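To begin, one chain is listed below as structure tokens, in the form predicted on its own.
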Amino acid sequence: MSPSMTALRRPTQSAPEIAAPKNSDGSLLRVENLRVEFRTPAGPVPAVDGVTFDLAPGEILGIVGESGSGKSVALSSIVGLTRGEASGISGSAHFGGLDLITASEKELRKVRGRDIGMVFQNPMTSLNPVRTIGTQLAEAISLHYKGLSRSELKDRVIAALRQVGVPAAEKRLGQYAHEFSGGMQQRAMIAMALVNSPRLVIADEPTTALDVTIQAQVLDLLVQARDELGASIIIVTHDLGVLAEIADRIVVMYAGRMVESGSVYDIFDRPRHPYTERLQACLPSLETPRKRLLTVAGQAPVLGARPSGCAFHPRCFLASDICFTEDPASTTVGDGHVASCHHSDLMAAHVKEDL
């Protein structure tokens, strides 16, 4: 376990606050009806369609789905990183009173890196290869906190690297990304995301291409950020198992839409959408007799070729005539548990039979 993160508290020479700590409803982030379209030769293609969720202060939210489900696009659009590529972004994302969807680029630059930290999927392509790790971390601080001396910046950068478990931090300030291992690169990315003690950390596939030991260490760092800095965390992943131990709530996405959301207990112990249940069936277990792992039959639809009715029906073992023609509405199936399935009751009975 890495040292305490108290050294990552914000500098006393604090920049003026851009947003209040919470929205009026008590949430830190409230996303409503988010839609994102991209231009293609065949016309606009929806990548995210009607995503709605909220995030409480200090909560860890997991967003899971296969590649192409829209999870990364949704989070990138919330912080304004798809504005140059998307042909249309609508909906709202209220963060402490500021709507990130309609905020100006100047407003977003003040929030990104200070109130919202980002951990990207591939640190080797996210870190600047021609600038040292220390220079990049120092820039992340000085962009938001003016007037810090070089020695203060250096001390803070060293503290940030130490807090995420980078050994010999002072000696590694002058090294470049290629001189770090994959695990150390991801630690440097996490240090950059946490160095200004953000209220929200968005981690996009933070454990991709890392061995299981390093994966566990990276996840521990994110949990530590929540526990010691009070940050809320959103983890985007295609691996439901990554979220089992650390998430408070989970959102399941398929073909650009949310198909289920609920507490980690709801999602794992009483899923109400067949896609969620199939994702779980793909996970190996040490607690049950050895058996052949299942897969989700078929393939996820490509952008612009979403099937009619429920998008999951070509792969669903519960599909009936209504699934082919009518898109299911989001239905509350429990306290804070929502599913978009015509047969959520049948799904509940199916899960009960397997218990």
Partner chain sequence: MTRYVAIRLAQAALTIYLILTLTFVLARMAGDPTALLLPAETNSEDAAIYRKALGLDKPMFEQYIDYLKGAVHLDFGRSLRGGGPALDFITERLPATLKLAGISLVVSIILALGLGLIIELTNSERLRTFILSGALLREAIPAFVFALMLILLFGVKLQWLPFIGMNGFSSYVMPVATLSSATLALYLRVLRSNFSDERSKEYMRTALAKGESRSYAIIREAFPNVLLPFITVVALNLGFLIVGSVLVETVFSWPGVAYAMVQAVTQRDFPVIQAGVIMIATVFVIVNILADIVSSKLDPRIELS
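Numbering follows the first chain given and starts at 1. Please read all numbers here as calculations on a predicted model, not as lab measurements.
The following text describes the form predicted together with the partner chain, which does not appear among the structures shown.
### Query
Okay, which stretch from 267 to 275, 140 to 148, 153 to 161, 252 to 260 lines the partner chain in the predicted bound form, with non-hydrogen atoms inside 4.5 Å?
Stretch 140 to 148 is the one.
### Query
Is residue 102 close enough to the partner chain in the predicted bound form to count, meaning some heavy atom within 4.5 Å?
Answer no; every heavy atom of residue 102 is more than 4.5 Å from the partner chain in the predicted bound form.
### Query
Does the partner chain come within 4.5 Å of any heavy atom of residue 78 in the predicted bound form?
Residue 78: no contact with the partner chain in the predicted bound form.
### Message
Using a 4.5 angstroms cut-off on non-hydrogen atoms, would residue 243 count as touching the partner chain in the predicted bound form?
### Response
Answer no; every heavy atom of residue 243 is more than 4.5 Å from the partner chain in the predicted bound form.
### Query
Wondering, does residue 183 line up within 4.5 Å of the partner chain in the predicted bound form on heavy atoms?
Because no heavy atom of residue 183 falls inside 4.5 Å of the partner chain in the predicted bound form, the answer is no.
### Task
Could you work out which of 238, 112, 226, 172 is the residue within 4.5 angstroms of the partner chain in the predicted bound form, going by heavy atoms?
Checked against the cut-off, the match is 112.
### Message
So the partner chain isn't shown here. In the predicted bound form, which residue out of 280, 215, 197, 136 has a non-hydrogen atom within 4.5 Å of it?
### Response
Comparing distances to the partner chain in the predicted bound form, the residue within 4.5 Å is 136.
### Non-hydrogen atom within 4.5 Å of the partner chain in the predicted bound form for each of 28, 31 and 92
Not a single residue of the candidate spot has a heavy atom within 4.5 Å of the partner chain in the predicted bound form.
### Task
Can you tell me which bits of 104 to 143 touch the partner chain in the predicted bound form, meaning any heavy atom within 4.5 Å?
Residues within 4.5 Å: 109, 112, 113, 116, 118, 120, 122, 125, 126, 127, 128, 129, 130, 131, 136, 139, 140, 143.
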